[in-house]
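One chain is shown next in structure tokens, namely the form predicted alone.
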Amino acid sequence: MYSKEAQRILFERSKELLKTSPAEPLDFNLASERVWELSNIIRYHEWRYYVQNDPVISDFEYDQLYKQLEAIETQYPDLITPDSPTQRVSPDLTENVEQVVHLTPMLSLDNSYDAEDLLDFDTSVKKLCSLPPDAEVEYAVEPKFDGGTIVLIYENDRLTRAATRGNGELGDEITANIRTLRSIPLTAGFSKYGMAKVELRGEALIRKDIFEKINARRMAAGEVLFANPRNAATGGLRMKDPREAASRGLEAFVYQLGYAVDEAGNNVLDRFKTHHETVRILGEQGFKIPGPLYPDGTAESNAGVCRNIAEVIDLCNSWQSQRDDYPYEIDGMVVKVNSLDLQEKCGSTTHHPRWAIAFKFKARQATTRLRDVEFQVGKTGAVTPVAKLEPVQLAGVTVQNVSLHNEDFIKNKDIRIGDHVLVERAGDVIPYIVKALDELRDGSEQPVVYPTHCPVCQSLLVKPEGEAIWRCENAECEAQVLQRMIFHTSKHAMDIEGMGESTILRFYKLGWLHSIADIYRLDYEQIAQLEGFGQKSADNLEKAVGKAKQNPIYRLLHSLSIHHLGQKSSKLLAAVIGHVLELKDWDLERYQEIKDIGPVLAQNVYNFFQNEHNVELLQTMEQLGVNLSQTEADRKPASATEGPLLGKTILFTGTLSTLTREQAEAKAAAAGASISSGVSKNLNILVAGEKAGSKLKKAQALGTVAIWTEEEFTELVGA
């Protein structure tokens, strides 16, 4: 961005200006020249510090130059321009976050985990582009930053808007906060490429060493520490006061030019041949781009561009082994088809581009000490041991609580209190104890003693035959009551927005909640008087509860926390009853007549509906307006006798973006398909949505199941 000669001149002029006083009075003409000069000098030093990570003046000297500019602008306010370095921090507070529409949708990335996945991706690209199997496709490979995604819009070379990713279509408007990031130019010369309006994608994040300093300052001040750099960064983006956001030490990498048009609104991206070329242009305009693209610090002109998938695999493996050497938290690599023409041929599904994929790094591991084991009681009475660890950073997250699952898990791994243990985050998400490091024991370690009585209500624990879990069978146990209410209102059950765990606990402590039924007879006038609520929040909660009352009965059945009764089994039951209380008259044989309901689940549901207290609870809920009758959404769609899927068995997994699961199954049935409840050799088609998990892997392993995207399904049956 700056030639060596330009940098020399700017540096020398900086030193000259540092000899002048910020309070020195200037006439208007000289002040105008000085504002222009200081602005350019300060932008240069911001680029050296925030983009190059190589400052040439001290922080104190930078502050002196900044104060000079501030002083002149105070004397002559008419000289203040929107792109002045002093305007990065706005003094105004944003009371309500405005949502804005992105110019182009922000799609998610499909994931890969090993070389085989990358080879499959390469094969898919060649098929989509009608290339021969032995053709070589060039790829651009970049670090997958673990921060907060941002979307920037520049019009006529000026930054006019910034937003978070949001849901991909809409994002939170955060322009005032983004202006505080000195790694983001307030002006950039896009016009010289014929671009009048552009949309850029990037990531806001905090360097590891800066994050440690921030937490050290917070600890010294007695403030709560940030859990990890990612949380601190994403929280900083949404701070109401931009000055608070500026204090987080945020930086931003920009990695994609996603939209560019000229004055007439014509697309100008087709003037470029490769993704790498567009990223290089961003770097020339002063943006911080993904690089250096090798962990050892090298930054060649073609850094990150691989001639074929074999080079991609080598580069990804190299990064995986050296990820800790990179100054920012990354959780993988992003592999993109470099040719923009081939990207166009590959196209996209409704939720991810077919020309890009994320290579996810393996689970992170660390060692720490097991300080203690606590026993928690769940909604079905299951008593789960939880390891209390000395806090340890693992894949960017502080881990200090890990489930030990059950007594057998502890015995099989010979885990003892005081042990050093090896911990990993499976899929960089769920903490898991791999093993105890028994070679480090000094004799002070103590075995974990499982309780014989409930740690909450002191009832005798029982271990049902065939199970590994000890249970408290007291249905009135305080812990179970609370956990059942929390689950009842959760997204996967009755989905009552605004009634999260903290709200349930608060209302319980106030004496307003004693059972699930109490959720439907809350006093919203009382709630409006609570600190942190107000009338609007109380009204919204009342609407959410009212909406939940009309839920289909499969949601209600699932919300009752009957052991082993999941959403799938709840749907099976809901499809064959007209009213929930019909189940109190069923015998065990009637339950087992339903395919996929086995004897254990049948016994659990039978026991629940033979309990007079449970029946009375449901009757009370119905009196309070909760629906107990079968709805259209509960009825299993009957398969048509003709259609493009006649004779096929289909299953949906993952999150669908344009249809609910019920709508998708109804469309499949209308097209003649039978709806399967699981993956088996009889399954013909699996429609995989976003975050498809074990069912997708099992179907792929069978090799006989056709794997469809949601888009392919809707194209066949009609959107």
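One-based numbering along the sequence shown. It should be emphasised that the depicted structure is a prediction, and the values quoted were computed from it without experimental measurement.
There is another form of this protein, the form predicted together with a small molecule, and it is not shown here; the text below is about that form.
- Note that among 412 to 420, 210 to 218, 136 to 144, 457 to 465, the stretch whose heavy atoms approach the small molecule to within 4.5 Å in the predicted complex is 136 to 144.
- Note on the partner interface in the predicted complex: the residue among Lys388, Lys126, Arg238, Arg165 having a heavy atom within 4.5 angstroms of the small molecule is Arg165.
- Contact with the small molecule in the predicted complex, judged by any heavy atom within 4.5 Å, is made by just one of Thr368, Gln256, Gln285, Gln343: Gln256.
- For the chain shown alone, Met499 is not a contact residue for the small molecule in the predicted complex, no non-hydrogen atom being within 4.5 angstroms.
- In the predicted complex, the small molecule sits within 4.5 Å of a heavy atom belonging to Thr149.
- Using a 4.5 angstroms threshold between heavy atoms, Ser108 counts as touching the small molecule in the predicted complex.
- Proximity of Lys336 to the small molecule in the predicted complex falls within the 4.5 Å heavy atom cutoff.
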